[in-house]
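Okay, so here's just one chain, in structure tokens, the form predicted alone.
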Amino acid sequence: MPSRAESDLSIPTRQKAALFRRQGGPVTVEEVPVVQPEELKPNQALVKVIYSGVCHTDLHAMLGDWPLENKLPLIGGHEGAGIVVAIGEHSDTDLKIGDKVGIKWIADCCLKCEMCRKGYEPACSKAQCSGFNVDGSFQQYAVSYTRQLSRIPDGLPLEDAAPILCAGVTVYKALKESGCQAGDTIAIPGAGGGLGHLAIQYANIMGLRVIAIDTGDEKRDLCSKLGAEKWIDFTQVDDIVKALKDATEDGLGPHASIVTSSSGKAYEQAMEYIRPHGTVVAVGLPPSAKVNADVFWTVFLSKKLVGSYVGNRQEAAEALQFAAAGKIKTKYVIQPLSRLPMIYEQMHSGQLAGRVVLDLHAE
């Protein structure tokens, strides 16, 4: 049964939105205009955002952690789940008013260049990113682009879909980039966080054996519940490289590591503890971090470091289908938009276990 917010497709002239005007914040919730249907350009849609996940990338954008410039002022957010309430005239799309859709990190791309043709849409030089260089989903009515809106499968609640739109598709893609096969062992630094706890579940679907790396009893219990075979608290071991190797049956270390942690040190450790011909997949984005790897042993043991940056439209559809089938359950709490500043503080201090989903229409 759709909620009242989902069934009401009327379009007001004013709305609530969370925005910041300068790098470093503060983030404030304000009343701003709603783009009206006649203002939409071809291939744009107006989405009534019912729920939006909160991602560490949103915090990075607000703090100015990246060597990239975002628009200012900026409405953040890129895990928006909602309903299409208007479509620009002359749009080439099969979307219609009332469809359930998701707003992802990639808001738009050209779909014509080599990167797009090969399925590397996030690497398109003309890509637009929600909540970074175009306003995102921390608003009740968001303009997005029809060709990158993801259909949300029937039976998947909007609040469950929201975190999959970035966190889910990001780790799903990263696991594919690892090159692991069923039966291989994979380490996940940051396993109890928003990305990591989803990575455990997608890894299980792929038949991988998971070593979870994080700290704290709550995160340990969460990782165990989700199917991690082994747990390593990085604050409780003197030599994490040895601990990871000892956690594998042959002592060679895991076949891959999906680094969802925002710690630069986690990357250097991963390059040491993966086994020969292993792969470290870079996902987390610690500010100004660099990876120092011993060239001799990287070559001699044929180790690989690869970057993985979200996914394309097909990978988003696949990640959502797994969730719709009940195979992926995001641990999240629902909070009103007004609590976003507090959520950022918890995220920055590493206190969040799982994910936060904002209810854009909660009082």
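So that there is no doubt, residue numbering starts at 1 and follows the sequence shown. The model shown is predicted, which means the values in this text are computed figures rather than measured ones.
Quick note: we don't show the form predicted together with a small molecule, though the next part is all about it.
Taking the partner from elsewhere, every residue among P189, G194 and S261 has a non-hydrogen atom within 4.5 angstroms of the small molecule in the predicted complex. Taking the partner from the other structure, the small molecule in the predicted complex has a heavy atom within 4.5 Å of a heavy atom of S308. The small molecule is not drawn, but in the predicted complex it has no heavy atom within 4.5 Å of A289. Put simply, C55 is close to the small molecule in the predicted complex: some heavy atom of it is within 4.5 Å. Within this chain, V283 lines the site of the small molecule in the predicted complex, having a heavy atom no more than 4.5 Å away. Of the residues K126, H277, R117, K265, just one reaches the small molecule in the predicted complex with a heavy atom at 4.5 Å or closer; this is K265. Contact annotation: of the candidates T170, S137, S144, S257, the single residue with a non-hydrogen atom within 4.5 angstroms of the small molecule in the predicted complex is T170. Per the 4.5 Å heavy atom criterion, the small molecule in the predicted complex is contacted by stretch 194-202, the sole one of 194-202, 152-160, 245-253, 91-99.
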